[in-house]
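Below you will find one chain, with nothing else, as structure tokens; this is the form predicted on its own, and questions on how it binds or moves follow later.
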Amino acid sequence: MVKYASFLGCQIPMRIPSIEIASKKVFEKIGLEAVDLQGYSCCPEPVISRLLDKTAWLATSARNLVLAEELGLDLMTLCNGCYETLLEANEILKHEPEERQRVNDILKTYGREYKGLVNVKHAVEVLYEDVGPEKIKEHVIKPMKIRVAMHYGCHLYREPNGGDITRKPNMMKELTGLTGVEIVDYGLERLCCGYPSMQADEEFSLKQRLLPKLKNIKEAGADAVVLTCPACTIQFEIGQILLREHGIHYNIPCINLMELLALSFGIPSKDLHLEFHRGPTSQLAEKIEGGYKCLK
């Protein structure tokens, strides 16, 4: 059995717990043991926190990595932002002795020491590399007959040591395809959704980042957007609500890859609690399930 320490981050358990619920049901089906990381903290946030205080960013990340080290397990994260922070902090601490010593001087006051014993993987990598598409496809009993657009999220393109930045997005796309959906291209897959800039300039974030994506996704005829990043999901869902204040109306459902897999595995949508989404994700799932009932 594949076994990892599971890092949920802040956004999933606090704002979109349906992703956590779906992932646990998917992992159980495919034989992946995800051990809860007890006592973890914010990753922390990968963009602003390191600019404000690099040492604090590294020390916070290191403490989370140490929790996985103490379990003797590599770390898997469901969140793109958490993935970037934990991966990059791990690389810095493994290869820069001065930074590692500075961080360990902080950690030792809490009785801990970073040793660089674990690796960090995104759940997309774990599903693709450790479980494998063939095994996942065996569990797809209700192919999703919908058209979807992909939003990979900026942080999923992060690749250490100058590797192929499209590696994980390509994995995500292939895994999405296993569910039976038709993936439509809309030309702006790599454009940032605007979540980071939302903190500084809401109008720019909504109209120059999110809106062009929504427009193209709608014109491409997609029924939903597939994501893996909870922050991007929040931007898509809350952003569509905020755009209505500007007289711009979109109502495109957002669904996490784990939720899509769970539905294709035949797990009832009511068991996933998709109502935690701020968009019409529950209605999308009910429509899909209604279609299966009609076929019967």
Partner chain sequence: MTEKEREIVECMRRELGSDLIDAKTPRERRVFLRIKPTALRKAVNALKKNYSTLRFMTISAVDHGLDFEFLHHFHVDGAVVTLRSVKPKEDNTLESITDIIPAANFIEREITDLFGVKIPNHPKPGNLILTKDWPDDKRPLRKPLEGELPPQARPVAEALISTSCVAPISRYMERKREEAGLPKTSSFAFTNEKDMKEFHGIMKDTSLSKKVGFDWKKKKLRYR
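Numbering follows the first chain given and starts at 1. This one's a predicted model, so the numbers in the text were calculated from it and none came from an experiment.
Although it is not shown, the form predicted in complex with the partner chain is what the next lines describe.
Even though the partner chain is not shown here, does it sit in the model of the complex so that Ile21, Ile48 and Met198 each have a heavy atom within 4.5 Å?
Result yes, every residue of the spot touches the partner chain.
Scan Arg100, His139, Arg112, Lys121 and let me know which has any heavy atom within 4.5 Å of the partner chain in the model of the complex.
Partner contact (heavy atom, 4.5 Å) among the options: Arg112.
From the candidate stretches 38-46, 247-255, 225-233, 261-269, select the single one in contact with the partner chain in the model of the complex, where contact means a heavy atom within 4.5 Å.
In the other structure, the partner sits against 38-46.
Even though the partner isn't displayed, in the model of the complex is Cys10 close enough to the partner chain, meaning a heavy atom within 4.5 Å?
Because a heavy atom of Cys10 falls inside 4.5 Å of the partner chain in the model of the complex, the answer is yes.
Would Lys29 count as a contact of the partner chain in the model of the complex, using a 4.5 angstroms cut-off between non-hydrogen atoms?
Although the partner chain is absent here, Lys29 would stay clear of it in the model of the complex, with no heavy atoms inside 4.5 Å.
Given that the partner is absent here, does Ala220 sit within 4.5 Å of the partner chain in the model of the complex, heavy atoms only?
Flag for Ala220 set to no.
Touches the partner chain in the model of the complex: Ile106 (any heavy atom, 4.5 Å):
Yes.
At 4.5 Å, heavy atom to heavy atom, what parts of 51-81 sit next to the partner chain in the model of the complex? List them in sequence order, or say none.
Residues within 4.5 Å: Leu52, Asp53, Thr55, Ala56, Ala59, Thr60, Arg63.
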